[in-house]
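Take a look at this single chain in structure tokens; it is the form predicted alone.
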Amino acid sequence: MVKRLVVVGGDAAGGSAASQARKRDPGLDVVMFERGRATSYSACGIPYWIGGAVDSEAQLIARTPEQHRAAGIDVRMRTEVVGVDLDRRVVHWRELDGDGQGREPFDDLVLATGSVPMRPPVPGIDAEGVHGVQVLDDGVALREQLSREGVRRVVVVGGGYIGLEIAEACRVRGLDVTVVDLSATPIGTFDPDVGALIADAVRREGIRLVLSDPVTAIEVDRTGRARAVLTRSGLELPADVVVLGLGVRPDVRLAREAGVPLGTSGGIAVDARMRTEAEGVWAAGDCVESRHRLSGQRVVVALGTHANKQGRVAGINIGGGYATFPGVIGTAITKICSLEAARTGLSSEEAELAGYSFVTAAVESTTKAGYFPGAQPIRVKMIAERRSGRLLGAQVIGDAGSAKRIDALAICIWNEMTVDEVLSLDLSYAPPFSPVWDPVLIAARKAFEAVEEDIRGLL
């Protein structure tokens, strides 16, 4: 008898799971449901398309429905799965552009339902003119709104990665932009000293930052359309368009209603092979929780990198192979206006919450040899465990050529290296690429000295 795999969600995790399972088991009958208008696309590229750095939305699509179908996957576009019956082993679906509805049986099921934008419980949050930016259809809708005649003022609620990237995209379009956030510095996963540098870069681009001042309401006009954002301090920020950049939460409605257990983080609980506790049900992507390799905590990390890997792992296992997902360490990178910023491992606050005692070290250097044309400033910060010197976290911020150094530090953290081991790394050197002492090595040297000084203070 032919086995049937049903995949709910056709983006990174779902597309990878379907493709890998079908590749491993060519006889597998695979049905993939996608409620949007595109499959396997780069949601991370949406701000750059809105800002004009990417010419067309088609460039963001890695694999079209037609390409999936050519690989033997039955793709059902603009079709939403509205329920899962684990006892009868069927999903219930309905067409979004028509009256069609029905049931689809499965032997194995992959939940790749992704995430949904966070919406604070304030009046007016669901008004017309308020946009989340999570899926490609959201980007299309926002771009159309920003192109409307008379749109001049945009208020972005939330100063995280997506919020600042959208703010920059709107500024590139010549709009007046304000970002409102309840935190004292943008992107709370960075330490405050690094966050302050990000804030400076945002302001230099002419973007207004309203910090430590949460939104209390979105005021609407007589037609029900958003017209202003109100804050706790009493500010009234006029807005033609409001964008929610508060991050996302896992979309677990289907799993919860079907009785698939959730984890402590709020995401779907899975094991290392991406299996849920429900027989024959797998999950991957933004909707699942992962194990943080440093803190040991269960966390939800909404990144396409992890979604693709997790989908691949699920597909390999469904197709008869064996693969595991080993966890995350919180590596992330962004470009905020002219500034590059990246982080990996634990921030100081996260390290403290995880129970570590640690020292920190930060250095200022240049991306190339100081005398070489185009050398730009860079700052590298390291967080190291007291006494052992194990590297717990790192943050890099600077101009062009800075942030991808975070990848070397992510590898060091992944392999549980100490800062003195990092200091001894055989990194490449030539004046067009780095000083003779790369900023990573300088920071490691300073962190090692901080560890040693801390040890001497204990003697």
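From a predicted model like this one, the values you see are computed outputs, not experimental measurements. One rule holds for the numbers: they count along the sequence shown, beginning at 1.
The protein also exists as the form predicted in complex with a small molecule; that form is not presented, and the subsequent description refers to it.
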query: The single option of Leu254, Val363, Ala278, Leu246 touching the small molecule in the predicted bound form, heavy atom within 4.5 Å; finding: Leu254
query: The small molecule: the contacting residue among Leu146, Val135, Ala258, Val172 in the predicted bound form [heavy atom, 4.5 Å]; finding: Val135
query: Location of the small molecule contact in the predicted bound form, chosen stretch of 213 to 221, 228 to 236, 147 to 155, 285 to 293 [non-hydrogen atom, 4.5 Å]; finding: 285 to 293
query: Partner proximity in the predicted bound form: Glu80 to the small molecule, non-hydrogen atom cutoff 4.5 Å; finding: yes
query: Proximity of Ser115 to the small molecule in the predicted bound form, heavy atoms at 4.5 Å; finding: yes
query: Touches the small molecule in the predicted bound form: Val91 (any heavy atom, 4.5 Å); finding: no
query: 4.5 angstroms heavy atom contact with the small molecule in the predicted bound form for Gly304; finding: yes
query: Site check Phe190, Tyr356 and Glu385: each within 4.5 Å of the small molecule in the predicted bound form by heavy atom; finding: no
